[in-house]
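Next up: a single chain in structure tokens, the form predicted alone.
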Amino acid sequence: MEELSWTGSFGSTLIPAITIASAVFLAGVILQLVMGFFAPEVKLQANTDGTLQSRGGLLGQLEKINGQVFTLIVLLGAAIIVVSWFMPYGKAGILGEIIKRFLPVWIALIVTFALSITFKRKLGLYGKLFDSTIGMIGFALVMFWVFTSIFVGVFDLIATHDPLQQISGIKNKTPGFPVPDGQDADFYPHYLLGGDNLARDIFSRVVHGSVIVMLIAPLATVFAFMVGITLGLPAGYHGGKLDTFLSFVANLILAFPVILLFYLLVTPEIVATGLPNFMGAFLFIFPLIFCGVLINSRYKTQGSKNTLYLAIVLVPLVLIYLMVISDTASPLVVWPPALDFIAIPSGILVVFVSVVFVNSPTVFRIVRGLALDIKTRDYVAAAQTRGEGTWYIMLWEILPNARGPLIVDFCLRIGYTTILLGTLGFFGLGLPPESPDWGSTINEGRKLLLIYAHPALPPAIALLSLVLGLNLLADGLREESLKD
């Protein structure tokens, strides 16, 4: 079988067109930014539907042109996706075959955007995101990798080979290299992005790496927010000795070098003591506290409903908590091994606990600062006058009114966590050596970077695109939240 070229039949038509359009769009954006620094400040008027009127003058014309060029790029990209699907295997080149593999993702993105734009006026802040071009681009990049992780991890689609499978003769081969005859005939006939130094398929390792990132980064950020919110709200609302003590502990943790902390936590001697498991047992109890207090503060005057909701939420969470923290390989065994249906590899647990531990103090400081400001508002005083409980005021009066900055920080923090996971994988900390996470794949590829660039570039670009998407999404959310 012949080796695939990068563009195939697209090389003389659509690819040059989309390249030129992208260059024009990039130049237009740079020019728009430069002109924006020198243009006089203009207060934009709102339309009847809540959107903003377009800017006038030369800068306004440039914005319209950039929007039209961006639309052209989207249409050209859609044309490549549609046309490549109907082309015979290999005719669309490496790019076309990769596009075909991501077909479920394209369909999911189209459905998501179609429904979101149709009902955006009924979807609150999420719906307003689709009034921001930057926000939509960021959302598209993030959801691309979210859907990729779902289709790879749950439905076993997209990937062309087993990420750990080694095929003789493919070591360090360039993108589009064919699988030798007689080897793994049931698999895909080409290594679309080439092979690494252990003859594993780079494309499959990149898409499988997204599953690891999407499992750890958002979930660890959610846990960190629950820890930070549970401690930050009372610290900011009550102040006094509680605030002083919690702030001191947070500053102490933030003063500790992050990489050194990870080095300490993953050493065999520390892991053998069960310290990561005990840290997990402490940190993982905060979601239980948060959910329990949230429900009880809202429904405590309705006894039967309160008890029912607490049982529905807390009983499954407690069982999951006991299964997660119990580990027969550590001193912490609190659940019968025969009934332990959740087994988290020790490397992933160490990384997860470390990420939550490092992010929680920063979230605590943000929530504390917001609580200090919002507790002086009139609606908080009104709730106090009505005789509402302390936790009700903190969780149902203060927290909802702090959602804008917290949502933005949540998106940014997932990006920071993604970079941190990549850094840990690059240094070989926590995750197993054969793990297809992006950091480990970059680390494996950089050893021969001067000779073979293709093993390290795809995971690096994937990491870059996800973090860029999260930052653009946060910027779009911030822009729209300021209009409330």
Partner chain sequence: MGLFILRRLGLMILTALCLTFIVFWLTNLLPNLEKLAKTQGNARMSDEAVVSWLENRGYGQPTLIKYGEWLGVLPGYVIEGQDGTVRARCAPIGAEVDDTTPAFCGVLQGDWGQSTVFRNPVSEIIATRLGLTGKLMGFVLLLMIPGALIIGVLAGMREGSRLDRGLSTVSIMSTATPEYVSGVVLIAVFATPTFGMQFFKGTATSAMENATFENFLLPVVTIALYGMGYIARMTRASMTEVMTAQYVRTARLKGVSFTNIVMKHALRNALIAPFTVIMLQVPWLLNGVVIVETLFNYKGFGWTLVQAASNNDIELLLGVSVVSVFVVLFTQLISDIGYVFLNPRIRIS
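Numbering follows the first chain given and starts at 1. Throughout, rigid core stands for the largest set of C-alpha atoms superposing within 1.5 Å between the two forms. A quick note: this is a predicted structure, and the numbers were derived from the prediction, not measured.
The same protein has a further form, the form predicted together with its partner chain, not shown here; the description that follows concerns it.
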Practice task
Could you tell me if all three of 136, 321 and 363 have a heavy atom no more than 4.5 Å from its partner chain in the model of the complex?
Solution key: no
Handout entry: 4.5 Å heavy atom contact, residue 70 and its partner chain in the model of the complex
Key = no
Problem - Close approach of residue 248 to its partner chain in the model of the complex, 4.5 Å, heavy atom - result: yes
Practice task
Would you check, heavy atoms only and a 4.5 Å threshold, whether residue 479 touches its partner chain in the model of the complex?
Solution key: yes
Handout entry: Exercise: residue 380 in contact with its partner chain in the model of the complex, heavy atom 4.5 Å
Key = no
Practice task
Go through 255, 154, 315, 111 and name the one with a heavy atom inside 4.5 Å of its partner chain in the model of the complex.
Solution key: 255
Handout entry: Interface segment, criterion being heavy atoms within 4.5 Å of its partner chain in the model of the complex, picked from 164-172, 398-406, 144-152, 272-280
Key = 272-280
Handout entry: Contacts with its partner chain in the model of the complex, stretch 15-33 (heavy atom within 4.5 Å)
Key = 32, 33
Exercise for the section: Align both forms on the core first, then report whether residue 415 has a C-alpha shift of 2 Å or more between the shown form and the other one. Expected result: no
